[in-house]
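Okay, so here's just one chain, in structure tokens, the form predicted on its own.
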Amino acid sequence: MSMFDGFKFRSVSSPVHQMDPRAKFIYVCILFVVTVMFSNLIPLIILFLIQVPFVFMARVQKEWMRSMKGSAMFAVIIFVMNLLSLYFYTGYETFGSILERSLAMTVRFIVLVQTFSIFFLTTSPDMLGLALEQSHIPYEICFAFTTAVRFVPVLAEEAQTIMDAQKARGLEMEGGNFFKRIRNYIPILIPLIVNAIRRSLELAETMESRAWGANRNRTNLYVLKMRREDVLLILISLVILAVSIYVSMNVQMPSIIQLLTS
């Protein structure tokens, strides 16, 4: 569950934390589009390296490393599945090109995890909901989104607690074949689902007791305002998008194998 630790907000005094959530959301959306746009290894590595300074500026290196370690298993699965599918079902000539293509798909996944990890580590759910509300999104949708963001790390911690409790009672989770391991997770999923339903009922009762939705004209204590740093981040994101579109349409990106052989 260490991967979910990299998506839980950390209250740190840093320039990235103080940025407007709307500017960071635009940055995340543009990076997502650019990452999906490329399938070559070199631009994906560049996108990964571009975001490393943001991690140090936000001072969330430990939490970011946890998300990277937690996503390592999924990255290995993506690499192996792409390697096998490209080897048996496509017409690539050399094994080196198959290997590079599989690495590119793996790095793409890592870049996406890195991008969203930086966003959620540095953006408070309250500020995110306020940003969505000031963007004229209905409050019901804002509340549902921020509640989901809040409860994902909570459910991850609860799942880890249930796993530890079941292991202490003698549940074997590592041994056996693939299907047996899946069956071993049933004693974890059932109490986790029951606790999630219980939490949702408690949340619904709390909302009713506080007359949620009775007043349509809501007021907020804070008002978000764009600063120069936020505008600069948006401009940098747009420049990255424009350069990426130009490169993908007009530049033939070489592969690493071509660079090594040349």
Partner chain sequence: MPIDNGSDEQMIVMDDVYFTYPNGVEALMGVNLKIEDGEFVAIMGQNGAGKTTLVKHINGLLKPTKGRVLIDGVETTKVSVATLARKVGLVFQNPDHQLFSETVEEEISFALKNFGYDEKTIKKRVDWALNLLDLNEYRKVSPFMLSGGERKRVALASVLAWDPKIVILDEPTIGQDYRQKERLRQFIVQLNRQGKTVIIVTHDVEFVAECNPTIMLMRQGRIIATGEAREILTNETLVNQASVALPEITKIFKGLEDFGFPRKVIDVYEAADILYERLGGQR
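Small disclaimer: the values here were computed from a predicted structure and weren't measured. Residue numbers count along the first chain shown, from 1. Here the rigid core means the biggest group of C-alpha atoms that line up within 1.5 Å when the two forms are laid on top of each other.
This protein has a second form, the form predicted in complex with the partner chain, left out of what is shown; the following refers to that one.
For this session: Work out which of 46, 211, 194, 231 lies within 4.5 Å of the partner chain in the predicted complex, going by heavy atoms.
Result: Contact check passes for 194.
Exercise. Which listed residue (96, 187, 153, 125) meets the criterion of a heavy atom within 4.5 Å of the partner chain in the predicted complex?
Worked result: Going through each option in turn, the one that passes is 187.
Exercise. Pick from 155 to 163, 133 to 141, 96 to 104, 81 to 89: which stretch has a heavy atom within 4.5 Å of the partner chain in the predicted complex?
Worked result: Going by heavy atoms within 4.5 Å, the stretch is 155 to 163.
Exercise. Is the gap between residue 181 and the partner chain in the predicted complex 4.5 Å or less for some heavy atom pair?
Worked result: Residue 181: no, not in contact with the partner chain in the predicted complex.
Exercise. Is residue 168 a contact residue for the partner chain in the predicted complex, using a 4.5 Å heavy atom cut-off?
Worked result: Residue 168: yes, in contact with the partner chain in the predicted complex.
Problem set entry | Residue contact check: residue 69 to the partner chain in the predicted complex, 4.5 Å heavy atom | It does not: once the partner chain is placed as it appears in the predicted complex, residue 69 has no heavy atom within 4.5 Å of it.
Problem set entry | Partner contact for residue 198 in the predicted complex: the partner chain, 4.5 angstroms, heavy atom | Contact check for residue 198: yes, within 4.5 Å of the partner chain in the predicted complex.
Exercise. Against the rigid core, is the Cα displacement of residue 52 between this form and the one not shown at least 2 Å?
Worked result: No; that C-alpha moves by less than 2 Å between this form and the one not shown.
Exercise. Residue 237: CA shift of at least 2 Å between this form and the one not shown after core fit?
Worked result: The answer is no; the displacement is under 2 Å.
Exercise. When the two forms are laid on each other by their rigid core, does residue 29 show a Cα shift of 2 Å or more between this form and the one not shown?
Worked result: No.
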